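The form predicted on its own is given below as one chain in structure tokens.
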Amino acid sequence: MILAANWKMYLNENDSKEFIKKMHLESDIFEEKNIMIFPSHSSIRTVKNNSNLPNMIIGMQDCSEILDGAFTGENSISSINIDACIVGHSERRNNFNESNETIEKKLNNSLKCVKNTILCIGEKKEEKERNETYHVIEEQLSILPKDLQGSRLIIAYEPVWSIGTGLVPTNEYISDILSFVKKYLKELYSSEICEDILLFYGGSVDEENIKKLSEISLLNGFLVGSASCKFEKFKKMIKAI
């Protein structure tokens, strides 16, 4: 089971450094766990320079749809040596009006440049209420390329209505969605490739519910937001899985 921590803009550079320092002080808890850390872009180098846990992957929270050129303020995925990237997060889709077309470009850049790419998918509350969940997810998955270019793909199901609200779907609900995703992937890729694709869940995951959620058989890991920014909560989640 993998715990991926999306720190968003909660931790600045000093906070990030202190968090990693605490992890090393209790390395016996973390060194054999599979962990992914997504700091703010300005803190990536600090996190990389202060971390040597063997199973920890460090990545970008997002990347530009452009690899290089005269684009002030953009963060190209080729601008720094990292091992993972998140694309299609609901905050990018909703707050920055990113279309499937934009996310597709980012997805292809990530698959081309890094070892692990997380594609976030999930329905809004009103889409769920209109029974459009599967249609929305299918549309979001439609940007997947036929060739993954040797990169590991991770699909993170994050229902928008659950993120930051404390509303967590039942294990049965999540399992049904993941089964749908798995079926979609099997129609697109060979059995060998599908075996290498991982399925995550994200949305109000914390130290209180992560153990119960871990019982979902199709689940390979979690993408956790605000709860992953508090060290003691993070430590409890790591212990729980």
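Computed from a prediction, not measured in an experiment: that's the story for all the values here. Note that residue numbering follows the sequence shown and begins at 1.
Here the subject shifts to the form predicted together with 2-phosphoglycolic acid (PGA), a form of this protein not shown in this document.
Contact with 2-phosphoglycolic acid (PGA) in the predicted complex, defined as any heavy atom within 4.5 Å, is confined among 76-84, 134-142, 160-168, 94-102 to 160-168. At least one heavy atom of His89 is located within 4.5 Å of 2-phosphoglycolic acid (PGA) in the predicted complex. For the chain shown alone, Gly225 is a contact residue for 2-phosphoglycolic acid (PGA) in the predicted complex, at least one non-hydrogen atom being within 4.5 angstroms. Within this chain, Gly59 is remote from the site of 2-phosphoglycolic acid (PGA) in the predicted complex, having no heavy atom within 4.5 Å. In the predicted complex, 2-phosphoglycolic acid (PGA) sits beyond 4.5 Å of every heavy atom of Met36. For the stretch 196-219, the set of residues having any non-hydrogen atom within 4.5 angstroms of 2-phosphoglycolic acid (PGA) in the predicted complex comprises Gly203, Ser204, Val205, in sequence order.
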